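A single chain comes next, written as structure tokens; it is the form predicted alone.
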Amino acid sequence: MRAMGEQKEVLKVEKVTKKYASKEVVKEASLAVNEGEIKVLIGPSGGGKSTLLQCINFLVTPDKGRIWLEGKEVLHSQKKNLYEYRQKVGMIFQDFNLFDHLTALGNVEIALLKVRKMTKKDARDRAVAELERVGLRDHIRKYPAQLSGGQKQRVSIARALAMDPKVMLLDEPTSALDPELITEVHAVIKALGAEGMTMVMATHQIGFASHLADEMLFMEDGIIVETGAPAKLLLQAEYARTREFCAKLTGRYGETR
């Protein structure tokens, strides 16, 4: 948790809506994230958390709503604008999304070479530095098939960090991991938070999230029902549905993760 000084808004999401067929998966969701803040989305599976994150990064196009990064509206119809935006908003997926034919080093290097147009040496130096940052210095020559789930997720985090993102979006970053591997990914995310990385994360790991988040947002049926500091949302939620959901989660995940 960071001290509250002068607030600089980095990301603003206003009334984003996404519909598949007749079902509204996200309904007029709004949030604002200041520099260095960590916002955590919680709620039942299928509640719209992943879709909202994908809308924020325009991996799926919202049907309605507006998004700003550092005060500049993102216009998804303008390809150059969207291309620049995506470079500044890192996305960490549940299933890693690594290239199986590339080593850990190659997975981090590729965007630096193709997108940032860095020289081979500069890209390699930066990729090595980011892999070291997430504790993978001894695994840079390994392919994804040779890595554990936790190591794969740390490669994906290193890949996102190499692009110098303004915001990191994390979609259930440990949901695909065995319990013993969750801790190593949590340690990396916690370190990023301590360094001041701005993050929006969806997770069911409530104990970990409650110690990391500046604000938690309870989302169900596509609606952000309630927001607040972790202690308020988990212990003194205004809405009965929020209280019911959080009571179940804190009973299961109440300890520090």
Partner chain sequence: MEELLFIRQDVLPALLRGLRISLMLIIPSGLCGFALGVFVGALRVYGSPWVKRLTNGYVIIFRGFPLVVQLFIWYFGLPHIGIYLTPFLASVLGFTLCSAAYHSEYVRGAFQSIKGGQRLAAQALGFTKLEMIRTIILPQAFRRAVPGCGNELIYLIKYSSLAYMITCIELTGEGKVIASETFKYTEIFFMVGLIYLLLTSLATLSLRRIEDKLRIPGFDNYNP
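Numbering follows the first chain given and starts at 1. Keep in mind that what you see is a predicted model, and the values were worked out from it rather than measured.
Another form exists, predicted together with its partner chain; not displayed. Remarks below refer to it.
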Problem set entry | Contact residue in the model of the complex, chosen from Lys121, Lys72, Arg137, His101 - any heavy atom within 4.5 Å of its partner chain | His101
For this session: Have a look at Ile182, Ala176, Ala129, Ile110 for me and say which one sits with a heavy atom within 4.5 Å of its partner chain in the model of the complex.
Result: Ile110
Exercise. Might Leu59 be said to contact its partner chain in the model of the complex, defining contact as any heavy atom within 4.5 Å?
Worked result: yes
Exercise. With the partner left out of view, is His76 within 4.5 angstroms of its partner chain in the model of the complex by any non-hydrogen atom?
Worked result: no
For this session: May I ask you to check whether Arg154 falls inside a 4.5 Å heavy atom distance of its partner chain in the model of the complex?
Result: no
For this session: Give a yes or no for Arg86: in the model of the complex, does one of its heavy atoms lie within 4.5 Å of a heavy atom belonging to its partner chain?
Result: yes
Exercise. Looking in the model of the complex, is its partner chain within 4.5 Å of a heavy atom from each of Leu11, Ser210 and Tyr239?
Worked result: no
For this session: At a 4.5 angstroms cut-off on non-hydrogen atoms, which residues of 113-135 are near its partner chain in the model of the complex? List them in order.
Result: Lys114, Val115, Lys117
